[in-house]
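A single chain, nothing else alongside it, follows as structure tokens in the form predicted on its own.
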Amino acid sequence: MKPVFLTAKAVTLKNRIITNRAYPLSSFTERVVGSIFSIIFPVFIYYFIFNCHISESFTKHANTMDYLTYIVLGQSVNIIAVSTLMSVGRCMITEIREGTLDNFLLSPASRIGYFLGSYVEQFLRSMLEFSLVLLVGITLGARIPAEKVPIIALFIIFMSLVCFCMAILISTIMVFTKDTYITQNTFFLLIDFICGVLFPVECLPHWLQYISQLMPLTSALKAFRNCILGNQSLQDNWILLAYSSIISIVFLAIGYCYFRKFEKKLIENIYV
């Protein structure tokens, strides 16, 4: 565990120095503003086009008539996913651009420690982004009971770890394709569309619903909304949380094993 800790600490400090020196506010502001507008747009539609009316099918599938809170919770989780996937998912491709990947691959540094360091460096920043988006949502009319704050805090940590497991697989795909924008943006669209961020998964075609269940964030987000909107407890949603944990571990295992296998080819190319 010590090599993992030392590598994670070194990567955290390195990324923090680079972030503070290069773009301390630009990326943070971009994600926050983008998420706020993603809340404001459906709110305007809700108030000025649909006159605060929602369909019976939405109420049935979402188990709530509180459309505003439903959207705010989804977008708040989405910003955690975007922040984690961008920071952890792009860490290896950044090494390629900076010309330091070869040195890292040839070093005895822990690979898991490297990913953990990238995750820890962005964790507090993503939590601040989440809090700001949630605060804006409450200002617009979302109802978040004060007694739910401890549950929200637990879900923030859980869903951040879920996104970390997904990010390792995404990072490996990026290194393999040597592409960031197409890969990550495609994944972001999938999260928005099939994980229930903007509307219930049950509104999708049946074949897409099966695909959405392969994403660990789908079950985690559903459990989150059940606890906040449906006044359910964590015990009531243990099946969803356990399922999300299992799928996350599968993502982590596939991503890490795939990276170690692909890493050998990268090292061979260094000497060719």
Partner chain sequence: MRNCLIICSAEVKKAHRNYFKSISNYFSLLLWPILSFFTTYYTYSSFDNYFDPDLANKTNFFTFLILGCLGHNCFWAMVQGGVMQIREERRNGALEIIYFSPANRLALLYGRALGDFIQNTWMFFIFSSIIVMLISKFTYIILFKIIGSFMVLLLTSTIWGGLINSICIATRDAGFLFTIGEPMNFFSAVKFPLKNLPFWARAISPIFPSTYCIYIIRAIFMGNSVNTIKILELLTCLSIIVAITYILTKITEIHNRKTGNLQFY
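Positions refer to the first chain, counted from 1. Just so we're clear, the structure is a prediction, and the values are computed from it rather than from any experiment.
Keep in mind that the form predicted together with its partner chain is not shown, yet the notes after this line are about it.
Within 4.5 Å of some heavy atom of its partner chain in the model of the complex lies at least one heavy atom of Ile54. When its partner chain is considered in the model of the complex, Phe123 lies well away from it, no heavy atom lying within 4.5 Å. Among heavy atoms of Phe199, some come within 4.5 Å of its partner chain in the model of the complex. Residue contact check for Asp192: one or more of its heavy atoms lie within 4.5 Å of its partner chain in the model of the complex. A single residue from the set Met65, Ile45, Ala242, Ile211 has any heavy atom within 4.5 angstroms of its partner chain in the model of the complex; that residue is Ile45. Against its partner chain in the model of the complex, the set Glu30, Gly34 and Phe58 is in full contact: each member has a heavy atom within 4.5 Å. Only one segment in the set 125 to 133, 179 to 187, 151 to 159, 78 to 86 has residues whose heavy atoms sit within 4.5 Å of its partner chain in the model of the complex; it is 179 to 187.
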